[in-house]
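A single chain comes next, written as structure tokens; it is the form predicted on its own.
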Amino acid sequence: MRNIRVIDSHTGGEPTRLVMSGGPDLGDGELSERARVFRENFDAYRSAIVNEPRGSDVMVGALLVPPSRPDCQLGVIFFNNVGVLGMCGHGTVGVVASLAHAGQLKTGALRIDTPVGAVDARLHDNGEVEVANVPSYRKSRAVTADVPGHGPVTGDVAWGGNWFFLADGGDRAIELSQVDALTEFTWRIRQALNAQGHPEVDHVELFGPPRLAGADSRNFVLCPGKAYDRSPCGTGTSAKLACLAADGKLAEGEEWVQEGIVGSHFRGRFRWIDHSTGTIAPTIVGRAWVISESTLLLDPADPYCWGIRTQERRKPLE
């Protein structure tokens, strides 16, 4: 029997499961190397922690590990129902809120090591968490995917800690009542993009008019395992900020309010790193709520000890 102690939270509706203890020993290499070890040698633990019967397709896990960068206070490897993630914005907010709940973090600054770079976070007195994400940029502008059953769809490919295809939703309502149709549409978009020379894209983000007063847009985000993001998506908002900056539609330091499909929101802004490459440093502000503390019991005699896997494993991080 193996015990794994976790703290669960949600950030704007999207859950994060922070593994406090009981995870596998990944060695002491760089975070990117330890993420590879986790992916290749301990995928059963990933599945056991976030997949059914203990979790669900929407659950994002966060494995707490020692940092490899000397200027970081802790390291985190994020993962979901189908594989390891590069970064996770809502997850970072959830990690900070969970550590504060556990008495391991006070208000102030924190530097976090991730497989795709260091992330600066700050816990404010009001409970909000500010996340200065990894450098983000638009890779390709006006990419057209020929989507079977729907026709051509044009959008941008951008990096915000994960790879995104971002497009206008057109006349599609970005509403919870339309989740099935939006999921089917974005799933087909991703399949078309992957087949047409963009294998790196594993998130698809659609935008529409906001419902929330003061918001700039409302989004629907398809995650790698075919679940939709209940939060406004931190890495997706970072990718959006990079596209807005590249097009001159948002000024440095100007606030962008991104509403998610369930009605929660993130506030975002950016500063320029390199105009010539379109690289920005995005900052996302959100809040998480701790919802449970528990111990997961892994009994090898249980036929579903290592989770019910409903999706194929993701490809390695690029």
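Just so it is clear, the structure is predicted and the values come from calculations on it, not from any experiment. Note that residue numbering begins at 1 and tracks the sequence as displayed.
One more form of this protein should be noted, the form predicted together with a small molecule, which is absent from this view; the next part is about it.
- Item | Contacting member of Ala239, Cys88, Ile77, Val96, with respect to the small molecule in the predicted bound form [4.5 Å, heavy atom] | By the 4.5 Å criterion, the partner-contacting residue is Cys88.
- Item | Contact residue in the predicted bound form, from Val153, Ile174, Ile112, Cys223 (heavy atom within 4.5 Å of the small molecule) | By the 4.5 Å criterion, the partner-contacting residue is Cys223.
- Task: Verify the contact flag for Glu205: yes if a non-hydrogen atom of it lies within 4.5 Å of a non-hydrogen atom of the small molecule in the predicted bound form, no if not.
- Result: No, Glu205 sits far enough from the small molecule in the predicted bound form that none of its heavy atoms falls within 4.5 Å.
- Distance check, Asn162 to the small molecule in the predicted bound form, heavy atom within 4.5 Å: Close contact exists here: in the predicted bound form, Asn162 approaches the small molecule to within 4.5 Å, heavy atoms only.
- Query: Taking heavy atoms only, is Cys233 within 4.5 angstroms of the small molecule in the predicted bound form?
  - Reply: Because a heavy atom of Cys233 falls inside 4.5 Å of the small molecule in the predicted bound form, the answer is yes.
- Just one of 122-130, 191-199, 243-251, 88-96 has heavy atoms within 4.5 Å of the small molecule in the predicted bound form; which? Contact-bearing stretch, as computed: 88-96.
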